[in-house]
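Presented as structure tokens, the chain that follows is alone, the form predicted alone.
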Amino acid sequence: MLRQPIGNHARNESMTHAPNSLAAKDIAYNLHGYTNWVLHRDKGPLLITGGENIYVFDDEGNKYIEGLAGLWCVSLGFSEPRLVKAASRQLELMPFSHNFAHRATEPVIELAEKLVGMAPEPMAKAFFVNSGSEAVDSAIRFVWYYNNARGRQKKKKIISRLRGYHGVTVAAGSLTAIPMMQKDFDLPREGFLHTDTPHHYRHAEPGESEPAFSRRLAQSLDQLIEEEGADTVAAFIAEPVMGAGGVIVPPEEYFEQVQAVLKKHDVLMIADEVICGFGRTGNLWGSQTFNIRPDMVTCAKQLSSGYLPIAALMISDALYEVIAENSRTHGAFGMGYTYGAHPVSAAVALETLNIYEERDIVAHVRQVSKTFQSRLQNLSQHPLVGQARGIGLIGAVELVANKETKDQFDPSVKAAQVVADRSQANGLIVRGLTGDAVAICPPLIIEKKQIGDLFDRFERALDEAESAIGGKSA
């Protein structure tokens, strides 16, 4: 039985927290990522204390639909007993062993075999790490090592897209071309380049079709590579659907056009599948949905349904052979992570992949996504919504002050945050993103009736937000 909601989700944003309460301790000691630290001193945390199916519960007993699957990751919901049992079994058997110097454990070996067998393009090996950021950072280092091994010491630059999100390490953060995530962090570092955002709604010229827009962006990428020198550009990295940058779905022919440019200049294609991987777009991989043929694949998040930290980088045979020979030259491949290939995380990830297969989660996504996308597109009629966009079980609305001109709200309005706050007050957790987009990305196990409930709550939130912010354009 699901717990019933208690209260009305209305939380006092400036409440005084009792001394020694968890909220007070959080304010006193805990630093939060992607949070206004000054505001947090007054606001305090939304303290999540439990979860069941697609729902989570706070410390006041309020029940919420988790409309972002945690952080795009809890694909199987918040109460999957098989994942708990997989972790418990492995903790009892062998809680830790590293993956250095020829050491291995059974769940890691089994997971590597299964993951490589599921890859969107033939891959040779999997390298396990702890997060999507580490997977991208590792991909960068692999690319550099690979080109050094081939005697191409100048071919090192990596290209991402503006508004692309690829993590927060120094290197991965240099690829994450979102201003808030680079300003005052001294990012991007030298050798990291950015090309156009494939956002047809926002950046197409008047009357420009999606294929024509894609050709123009590919030509721009081609020009960037030629200006930098093809002998200096090593790789291009892209999310199949841009997540934190606003849930931007690529326009028609985009990746076909881009990959032709990469092939022309001998530039590697890295598919960042951290959000899209494992069914989110209606195929096992976003690469399959958008005809991407990568040389390397990063994945994380839904690899373990978010239950334990684990991520992976998969590399093609062509890269593996060159890197393997170079490791022999140096005596060993000189990088790894203490908790990379952690046996407990690997056991949970392996069980997650087994569940995907046994329950045919991809087929379920395809079935319910018709309802999801229909309700999402209906939101385009709302006065606040300039565009509703998505694919599979991921979507977003882009908020505008004027639907005809596409004028955006003044940044001081914080329109996306207002919608997210009103959603929370209606028992739905969503997230405001770059460009006044509000993302929706529920657990993959969501059912049609629950999708209806989700969008009913979101529509109420939009109506309430409209009353609160009006038409304050920039």
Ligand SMILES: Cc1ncc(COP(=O)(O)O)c(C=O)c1O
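Remember, predicted model here, so these are calculated numbers, not experimental data. One rule holds for the numbers: they count along the sequence shown, beginning at 1.
Form predicted in complex with this ligand: not shown, discussed below.
Open item on the list: Is residue 396 part of the interface with this ligand in the predicted complex - any heavy atom within 4.5 Å?
Closed with: Looking in the predicted complex, residue contacts with this ligand do not include residue 396, since no heavy atom lies within 4.5 Å.
Task: Proximity of residue 133 to this ligand in the predicted complex, heavy atoms at 4.5 Å - done: Output for residue 133 is yes: heavy atoms within 4.5 Å of this ligand.
Open item on the list: When the contact criterion is heavy atoms within 4.5 Å, does residue 278 count as touching this ligand in the predicted complex?
Closed with: Heavy-atom contact with this ligand at 4.5 Å: absent for residue 278.
TODO: Please run the contact check for residue 80 against this ligand in the predicted complex: heavy atoms, 4.5 angstroms, yes or no?
DONE: No - in the predicted complex, heavy atoms of residue 80 and this ligand never come within 4.5 Å of each other.
- [ ] Have a look at 93 to 101, 331 to 339, 161 to 169, 191 to 199 and name the one stretch with heavy atoms inside 4.5 Å of this ligand in the predicted complex.
- [x] Looking at the partner contacts, the answer comes out as 161 to 169.
Task: The unique member of 175, 346, 274, 139 whose heavy atoms fall within 4.5 Å of this ligand in the predicted complex - done: Selected residue: 274.
Task: Partner contacts in the predicted complex for 286 to 303 (non-hydrogen atom within 4.5 angstroms of this ligand) - done: Contacting residue: only 301.
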